[in-house]
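Okay, so here's just one chain, in structure tokens, the form predicted alone.
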Amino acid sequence: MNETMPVCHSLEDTVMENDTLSVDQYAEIFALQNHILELLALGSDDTKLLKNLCEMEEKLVPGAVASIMLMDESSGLMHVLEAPSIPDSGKDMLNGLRPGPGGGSCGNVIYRQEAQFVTDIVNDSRWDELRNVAQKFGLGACWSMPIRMENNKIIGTFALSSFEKRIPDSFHKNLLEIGAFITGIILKRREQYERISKHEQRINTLGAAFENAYEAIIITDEQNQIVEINQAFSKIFGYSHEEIIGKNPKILSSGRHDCFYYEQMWHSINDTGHWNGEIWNRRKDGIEIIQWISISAITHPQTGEKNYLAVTLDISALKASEEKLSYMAFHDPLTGLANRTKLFERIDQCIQRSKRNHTVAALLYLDLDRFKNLNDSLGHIHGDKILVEVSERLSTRIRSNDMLARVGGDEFVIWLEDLQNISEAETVAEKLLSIFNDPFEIESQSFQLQGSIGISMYPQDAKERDSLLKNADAAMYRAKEDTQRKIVFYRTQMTQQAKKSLRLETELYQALREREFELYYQPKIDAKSGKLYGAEALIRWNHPTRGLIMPGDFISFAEQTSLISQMGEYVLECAFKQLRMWRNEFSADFSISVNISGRQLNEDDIKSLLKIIGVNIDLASFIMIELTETFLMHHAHSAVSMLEQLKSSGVKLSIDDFGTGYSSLGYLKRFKVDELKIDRLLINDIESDPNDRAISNAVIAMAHTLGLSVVAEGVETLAQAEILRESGCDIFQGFYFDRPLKVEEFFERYLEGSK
């Protein structure tokens, strides 16, 4: 990420440069930006705005305080502009700071002309001259971002200081950049307002001086006819002085605002002598621009003649930034289609309208058949390319007023409004399925896909959004079983999904009883030596009639029932048994990683797991228990005690899929884990995406700081392995080295020679 981003850089561009933020983090950033921009638009005091900005960022980064410092060009010293959580004594010690190599994070921003991330103040030479300040207030880390104005000039810093040693992640850096960006906007607004105020005063007294103003200025007479403009007006709107004089400002109207808008404007001008706000105008060439305009009524003190003075400021870039953030909040980042949030909003609006005009609508639920198998065999990078092409093809088959949304991995929803009858929905469904007539070409390979569509009609099948989705989903599963038609309308008597769930549950119980599950082992390779480090045990269902079934087809269902507990215990017992057999046959030491569901982190299941570990206590240190970062952080408080019980039993702990969520470092320390596994989503684009590479480096550095080993899973290319090896990654796992193997294959390839 570019740490010297100019203030004119779009806020959304700042966030979009890193695509690894979670939906919750996007929402937090969006809320912060919206709140400050709303206060900005309402004309709130600059001091209040800056104070609110600091306080909001502090809430998003617990254990940190925010501060804003500005550079005084005349003295060459820095002073605190705003720091609501820093006591006056601390501000006094910071005021008069001289930038230099030992002048702390903020002093080094000015000195080095780039962002500074000091993660250990005690041992960082950049704080040599301010270490007494850090010691007095217990500061462990300080991250500082430059505030830039016109021409990329740095005028100050926005900083977050932590009370503990701390490495900033992508979320923290985005917050810092946003804080510096918004501070620049506020200071720029202050500068612009001061300029506007000075211009208004000078116009009242000197008249022609307004020609040098940066903002477009219009003066009209009492009949609202334009009597004067400045050069900036001509430059912005394209009208010459001769063309515009005598005209009514309505010539600039974009047509976006109704009569009520202008009535309110003139009501304010006539009552208070002033109005300001956003307005859409149109240039001579027809291009629409959005502006912040301030209109004042001016009465000549001697003659009583009234004029109106309008000063405008172009805020098109700021509004474009808001639109980009809004786009991110309501669209799928992979395909650019509407996401679940936007789809739900659209359906709810349609349902409200239909209560008045009784319209008919249809919800089409489309799912790709056996896509998971294709995705597992090709790898997620190629799988994503197929999803993008599917979305592009689908987009060409719908009407302009319909909505296409991606609501899951390979699940799409099409919302059709204003239908005349059911046959229209069926016609659209047939057009959608026609996209699968042609094969998909990926990396010179041809793949034939199929899709299944379930349809529920509004209001016949359901009158609320969730029921429409549920019914269409049920119909879609019925369509998957129809190898010919592939399009099924929901019917009230349809209970196929319920029957399928019951059948699957029965089969899973039988599979456990008949021991139809088996473990495959994927090797974990030492990054330095290239030798076997260990293996991850991965469950497979060897179904008597359907053959080998991957976990993605039954684990999620098992997690909804008590089956997941029995399955987890089964995997742990088998892993111990296999480990004991192998250790009796060969001499090398290596560990086996076992995944358990977060739903097993309860007292009863933990007791069962501890019992299995106790029986195999001599091998406990060679078992690594893996849990996902997402579950742990959503249940962080309750998970701590459960993990402590597992840890005390002698096994090792690993956090799986780490890096795309938002972990609390405090909890990470309390979990007392031994290993972090970098999420494969970060590995996929590490060759081409510098943000993914930066995050991976940060995760590895942080893990090593905490004394943890780092595993990169999903390594599919030599280039990925080399990049991760250079970053200090300890262990590799992925298709580049080997796929999950049956017990016999794993033994022959990796263990037989060490007898």
Ligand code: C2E
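One-based numbering along the sequence shown. Please read all numbers here as calculations on a predicted model, not as lab measurements.
Not pictured, yet referred to below: the form predicted together with this ligand.
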* Asked: Quick one: in the predicted bound form, does every one of 536, 555 and 595 get a heavy atom within 4.5 Å of this ligand?
  -> yes
Contact with this ligand in the predicted bound form, heavy atom within 4.5 Å, among 417, 626, 685, 505 goes to 626
Only hit among 98, 540, 136, 491 for heavy atom within 4.5 Å of this ligand in the predicted bound form is 540
- Message: Is residue 84 near this ligand? Define near as a heavy atom within 4.5 Å, in the predicted bound form.
- Response: no
Original post:
Even though this ligand is not shown here, does residue 102 get within 4.5 Å of it in the predicted bound form, heavy atoms only?
Top reply: no
### Query
Taking 4.5 angstroms as the cut-off for heavy atoms, does residue 473 touch this ligand in the predicted bound form?
no
key: Contact flag, residue 730 vs this ligand in the predicted bound form, heavy atom cut 4.5 Å   = no
In contact with this ligand in the predicted bound form (heavy atoms, 4.5 Å), from 546-554, 244-252, 282-290, 187-195, is stretch 546-554
Near this ligand in the predicted bound form, with a heavy atom at 4.5 Å or closer, the residues from 692-721 are 713, 714, 715, 716
